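One chain comes next, on its own, written as structure tokens: the form predicted on its own.
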């Protein structure tokens, strides 16, 4: 099984055949609709369509799906609880509002998880620089930073084990746990800054800051299936809004 912070698919999956720019365009369409709608039906319909794409992203095993989305589920639960506990509504209306916000959070964030699970970051950087004319310095700098994310998890574990080997342990003291966590995070931050500085120097030495237009050896092509994928996102959003209107549930946030 891939590491929790691994980027890109471990093997080719159906969704990886869609150009990353097309996936980002579809995400933009979904985001606009979900931010505008304030009812429960629209995000629920969109979320159902997103869940149907899990197998296409190679996420079929329940354990693998849970490993990727558990932070999202915790965030959604937190948002729902805040709305129920501190919102202006009460009773069933409060729970309905909480459920609506929780489902919206999941529906907004799940496409990003699908993108990360099914897309090679190198293809993403190539597509952004070719089709959206994103600066190569920014795109490949971000790519290099993402490639270093798994190292941060590894370094965190290394620092923790090294301190335990030296007898530095918080024991059962909660305040000591907080201090140890803060010092470990600071050590990780210092190491990340040093590595980032070396990486930036190496990229500048390779001409990423020269200002000269760069060619792309791999290329990125938008095909008919990419257009159909974006159109499918538009159709899903239109169907979700239509169903919400027909059921009398449609309620724009800004209304």
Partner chain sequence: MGPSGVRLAGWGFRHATRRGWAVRDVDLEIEPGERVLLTGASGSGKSTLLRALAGLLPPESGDAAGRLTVDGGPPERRRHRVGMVFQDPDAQLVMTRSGDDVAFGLENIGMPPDRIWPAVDAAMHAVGFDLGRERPTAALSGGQKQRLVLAGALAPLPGLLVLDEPTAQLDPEGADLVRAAVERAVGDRSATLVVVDHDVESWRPLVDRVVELLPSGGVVEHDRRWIPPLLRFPVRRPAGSGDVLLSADRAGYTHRGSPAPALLPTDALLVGGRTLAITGPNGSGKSTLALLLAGLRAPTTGRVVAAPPLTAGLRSPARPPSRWRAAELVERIGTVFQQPEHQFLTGRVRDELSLGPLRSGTGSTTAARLADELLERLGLSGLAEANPFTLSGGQQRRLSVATALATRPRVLVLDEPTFGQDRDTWAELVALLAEQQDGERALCVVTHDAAVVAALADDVLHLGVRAAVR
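Positions refer to the first chain, counted from 1. Just so it is clear, the structure is predicted and the values come from calculations on it, not from any experiment. Whichever C-alpha set is largest while still superposing within 1.5 Å between the two forms counts as the rigid core.
Another form, the form predicted in complex with the partner chain, is not on view; read the next lines as being about it.
Q: Please determine whether residue 227 contacts the partner chain in the model of the complex, using a 4.5 Å cut-off between heavy atoms.
A: Although the partner chain is absent here, residue 227 would stay clear of it in the model of the complex, with no heavy atoms inside 4.5 Å.
Q: Is the gap between residue 166 and the partner chain in the model of the complex 4.5 Å or less for some heavy atom pair?
A: Yes.
Q: So, in the model of the complex, is residue 205 in contact with the partner chain at a 4.5 angstroms heavy atom limit?
A: Yes, residue 205 lies within 4.5 Å of the partner chain in the model of the complex.
Q: Since only the chain is shown here, I'm wondering whether residue 93 would be in contact with the partner chain in the model of the complex (any heavy atom pair within 4.5 Å).
A: Residue 93: no contact with the partner chain in the model of the complex.
Q: Among 84, 152, 116, 159, which has at least one heavy atom within 4.5 Å of the partner chain in the model of the complex?
A: That would be 159.
Q: Just give me the single entry in 199, 40, 65, 49 that has a non-hydrogen atom within 4.5 angstroms of the partner chain in the model of the complex.
A: Result of the distance check: 199.
Q: Indicate whether the candidate residues 140, 148 and 217 are all in contact with the partner chain in the model of the complex, with contact defined as any heavy atom within 4.5 Å.
A: Every residue of the spot touches the partner chain in the model of the complex.
Q: Tell me which of 207 to 215, 25 to 33, 54 to 62, 41 to 49 has residues with heavy atoms within 4.5 angstroms of the partner chain in the model of the complex?
A: Only one stretch qualifies here: 207 to 215.
Q: With the partner chain taken in the model of the complex, which residues across 107 to 129 come within 4.5 angstroms through any non-hydrogen atom?
A: Heavy-atom contacts to the partner chain in the model of the complex: 120, 122, 123.
Q: Tell me whether residue 191 is among the residues that move between the shown form and the other one (Cα shift of 2 angstroms or more, core superposed).
A: Residue 191 C-alpha, core-superposed: shift of 2 Å or more.
Q: Is the C-alpha displacement of residue 89 equal to or greater than 2 Å between the shown form and the other one once the rigid core has been superposed?
A: Shift at residue 89: below 2 Å after core fit.
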